[in-house]
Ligand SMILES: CC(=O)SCCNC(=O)CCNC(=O)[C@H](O)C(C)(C)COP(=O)(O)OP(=O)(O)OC[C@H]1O[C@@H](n2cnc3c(N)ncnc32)[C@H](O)[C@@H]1OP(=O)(O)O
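Just the one chain here, laid out as structure tokens, in the form predicted on its own.
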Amino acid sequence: MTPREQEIQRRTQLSETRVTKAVFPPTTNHHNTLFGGTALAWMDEVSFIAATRFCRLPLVTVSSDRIDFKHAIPAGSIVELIGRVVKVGNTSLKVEVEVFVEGLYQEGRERAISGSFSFVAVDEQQKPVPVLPGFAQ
């Protein structure tokens, strides 16, 4: 394993991000389920935190790829969002986010939403910079 691959592995482990939220009426729609847009915003936030923890550089979101809504998330649920860096380029990172849902008063949970987000590290002029400056690709 190269030093760069070792560093990617180390940073990937350290950057995993978990956020738990309760789904209450202000975040639900007329079906009494979580707004899709709210879920996307939460996922973008978690992916941004994971990406920032990985490289500790300014980042911009450049895309979200294939967001799969497996099933609705009802009001009164607990959700856990888990973000993991899954791909590292020269100036970019891809973070996969999974959203798990569980009832307040039941055991068990299941994956409700998944998707990925891509980020590019930028400098003060908003120009792309390497995400691992000391480790050439």
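Quick caveat: nothing in here was measured; it's all calculated off a predicted structure. Numbering starts at 1 and runs along the sequence shown.
Not on display, but discussed next: the form predicted in complex with the named molecule.
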**Report entry** Clash check, the named molecule transplanted in the predicted complex by site C-alpha superposition, 2.4 Å backbone/C-beta
**Finding:** open
Report summary line: Here the chain appears without its partner; judged in the predicted complex, the stretch of 73 to 81, 98 to 106, 56 to 64, 27 to 35 with heavy atoms within 4.5 Å of the named molecule is 56 to 64
Query raised in the report: in the predicted complex, do Q9, T12 and I49 all reach within 4.5 Å of the named molecule through at least one heavy atom apiece?
Result: no
Query raised in the report: in the predicted complex, does V120 have a heavy atom within 4.5 Å of the named molecule?
Result: yes
Query raised in the report: Though the partner is not shown here, which residues of 121 to 135 have a heavy atom within 4.5 Å of the named molecule in the predicted complex?
Result: V122, Q126, P128
